[in-house]
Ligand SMILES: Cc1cc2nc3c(=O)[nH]c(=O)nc-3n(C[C@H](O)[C@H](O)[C@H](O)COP(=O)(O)OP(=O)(O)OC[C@H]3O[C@@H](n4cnc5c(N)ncnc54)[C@H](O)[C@@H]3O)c2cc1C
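First, one chain by itself: the form predicted alone, in C-alpha cells.
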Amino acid sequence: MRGPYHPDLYDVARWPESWWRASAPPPPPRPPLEGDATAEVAIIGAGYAGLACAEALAGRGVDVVALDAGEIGWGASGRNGGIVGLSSDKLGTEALVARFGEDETRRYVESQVEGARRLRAFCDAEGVETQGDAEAYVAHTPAVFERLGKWREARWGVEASLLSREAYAERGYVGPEQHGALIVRPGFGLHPMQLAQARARAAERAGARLHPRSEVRAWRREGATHRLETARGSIRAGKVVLATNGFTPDGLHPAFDGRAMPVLSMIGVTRQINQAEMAAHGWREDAPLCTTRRMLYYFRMLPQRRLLFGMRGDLDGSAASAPRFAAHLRAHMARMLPEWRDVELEHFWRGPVCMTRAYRPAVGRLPDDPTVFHAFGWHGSGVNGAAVAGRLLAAVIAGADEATIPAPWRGLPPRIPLPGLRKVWLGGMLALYRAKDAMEAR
C-alpha cells in the first residue's frame, strides 16, 4: 500500500499498539482472498462504511465480498477516537442550507440523528462499550462561546443546550480553554475496535464474505465485469464499491485519483487517573468533547478512568518520529489540562482521516459507470456517518434512486491540484489554521 506519507504508515504488518487494540480481544482468524472468485458486489475496504454496506447488501440476498488490506480494524475503524457525532462535513449547517437547500440539509441531518440512535442500539445489542449521551463542543475563547449561542435552536431531531463556563464546570471540567460548552444530542462515545469487530460479525451473519490481508493491487474492466487482483487471488464482480477513506490510493481507478486528502491525526491514552487528580480539574464529564479550535483537540475520559486526547498530527508518519510527536501531543494536553501535566501516556498512535476539496463526504456512483460506487471523506467524524452512508449506498446498489442519498453527500469532490504535492498544500493549510487560532486566542 502506498500514500503521501512515510511507508511505515501503510505497512499492514505494523499494527499500531493502541489502547483499543490492547483492550479488545483479537479478531477471529479469517482467510485472505486466494484463487479466483466471483461475487455480485465487491467492496474495497472493510471499515465501518464497507462493513455496513456489506451487511445491508447481504441482508437483501446479494452475494457480496469485502476486501481489506489489513486485518479488520487495522485502519481508521479500529483506531479512531470513538466519538459518535452528527456531522461528517466541515461546512456547517448554514453553509449546507445555502448550497443545497433546507430540504436536502434536513434530510442529511435527520439521517445522522437516526444513524446515531441506530448505532447506540447496535452497540447495546452487540456488547460494544459505550458511554455518555451527548457530545460537548467546548469554547476555547469567550468570543467563540458567544458565537455558539446561535446553535442553541434545536431542529431536525438535534437537541442542543448552551452552558456557561461556570455551568459547564459543574457538569464537565475546569481548564484554561474552557469558556462554556454546547451540549449536542444524540451523541456518545464508544470502543471503536469492538465496533469494527461487531460490524464484521454482523456482516458475516447476514451472509457477506470478508477477506482481510487482501489488498487490491489492480483493478481492470473485463467486459461487463470488474476484476480485482490481490497478492494471492482475484475476484470478478458486476459492481464494485470503493470505501477506503484516508487510505484511498491513486492509480487504482482513474476516477478516484486525486480525490482524497489524507490528514494525519494522533491520539494518546494516559495511565489510569486517580481520584485526587480527577478532583484537580473537577472532572465529571462522561461524554466525548471537542474544542472549537480550527486545529481541534478531541478528548474523552474513558470508562477505565484513562484520558484519551487527540489532535491533528504531523506530515511524516514514520515509526521513528513517533516518540517526538507523542511528546508534542503530551505538551498540548498539559496546556489544556495543566493539573495533569505529569500524567503519563501509556499508548500513542497515528493514522489518516480523509478530507476532500468539497469539505464533505463523497457518496454515490460514478456518473459514467453505474457499476462503480464510492463512500469516503468522513473528515475525522466517520463513526456514525460511514455506517449511515454504507446503508444508503447498499439501497442504491440494490435498485433505489441515487437521490435517496442526501445531496450534501452525493457525488465526487473536485480533484486536488497536483496531488503529488498534497503534503505541501496540507502544510500550508495547517499553518494558516494555527495562525488563525493564535490570533483568536489573543
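Everything numeric in this text was worked out from a predicted model, so none of it was measured. When you see a residue number, it is the position in the sequence shown, counting from 1.
Unshown form predicted together with the named molecule; subsequent notes refer to it.
Shown without its partner, this chain lists Pro249, Gly132, Gly180, Gly233 as candidates; in the predicted bound form, only Pro249 has a non-hydrogen atom within 4.5 angstroms of the named molecule. Contact annotation: of the candidates Gly115, Gly317, Gly172, Pro352, the single residue with a non-hydrogen atom within 4.5 angstroms of the named molecule in the predicted bound form is Pro352.
Among heavy atoms of Gly81, some come within 4.5 Å of the named molecule in the predicted bound form. Though the partner is left out of this view, Ser111 does not reach within 4.5 Å of the named molecule in the predicted bound form, counting heavy atoms only. Within this chain, Ala42 is remote from the site of the named molecule in the predicted bound form, having no heavy atom within 4.5 Å. Using a 4.5 angstroms threshold between heavy atoms, Val383 counts as touching the named molecule in the predicted bound form. Residues Glu55, Gly390 and Trp409 are none of them found to lie within 4.5 Å of the named molecule in the predicted bound form, as judged by heavy atom distances. The stretch among 412 to 420, 63 to 71, 27 to 35, 395 to 403 whose residues place heavy atoms within 4.5 Å of the named molecule in the predicted bound form is 63 to 71.
Residues from 33 to 66 that approach the named molecule in the predicted bound form with a non-hydrogen atom closer than or equal to 4.5 Å are Ile44, Gly45, Ala46, Gly47, Tyr48, Ala49, Gly50, in the order they occur in the chain.
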